[in-house]
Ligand code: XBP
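The chain below stands alone and is given in structure tokens; this is the form predicted on its own.
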């Protein structure tokens, strides 16, 4: 039986990588008078590295104009990341990072049905809280029973630690939960914890190889383009519903984009 939804954040709740983080990194570079700018394509490549500070260090490793000493790179990455987080929070407050279509409706439907819901991410807590406050207000957790972030774990996704912690906190066995993810790393983290996964394709992971999910589709806003396709009665607005998630979860047939 499905008892909980475990939500990823970046790319899943919102297209925050495209609309927020990349923009904020570039604002941080400009504020520190650095000539670096991350294009959409280059940022997509850097997303294969988990963690904003880690992405900065990976990028610096290939730059002739980056500090030569590792300790200097670490210090610069920390300051840039601090400035980036502040810029990201401002973008969120200004409404530049909306929820993905269908997300709010599914969260509300699951809450009304009595399912537990958790944010299970390894992005920083400040970024998560900014997004939740902007879109849900109220408590720091918004509509969620639990919020786990990068500061809560020793290892980031694709390590399963954050999922294992969520299961323990909610007192769930892995098959009682369903993860909602957008990236191969997120899927790998959930599956390593034996949690079934629904994949909602995002801007930066639209064509990546994803396997071992119970369903893969373009987003919660539409029932078109899903594998396996949703069956049964649909919502008036044509979105994916809790009933669809329950059927995918009950079927537990792992699929890939290859069919």
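Residue numbers count along the first chain shown, from 1. Predicted model, so just to flag it, every value in this text is computed and none were measured.
A second form of this protein, the form predicted in complex with the named molecule, is not displayed here; the remarks below concern that form.
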Next item on the list: Could you tell me which one of 228, 44, 51, 67 places a heavy atom within 4.5 Å of the named molecule in the model of the complex?
Entry: 51
Check: Quick one: is residue 117 in contact with the named molecule in the model of the complex, heavy atoms, 4.5 Å cut-off?
Finding: no
Next item on the list: Please check if residue 81 has a heavy atom lying within 4.5 Å of any heavy atom of the named molecule in the model of the complex.
Entry: yes
Notebook entry, point to check: Closest heavy atom of residue 21 to the named molecule in the model of the complex, within 4.5 Å or not?
Noted result: yes
Check: in the model of the complex, does residue 201 have a heavy atom within 4.5 Å of the named molecule?
Finding: no
Check: Okay, which stretch from 118-126, 69-77, 168-176, 138-146 lines the named molecule in the model of the complex, with non-hydrogen atoms inside 4.5 Å?
Finding: 118-126
Item checked: Interface residues of 1-17 toward the named molecule, as seen in the model of the complex [heavy atoms, 4.5 Å] -> 8, 9, 10, 17
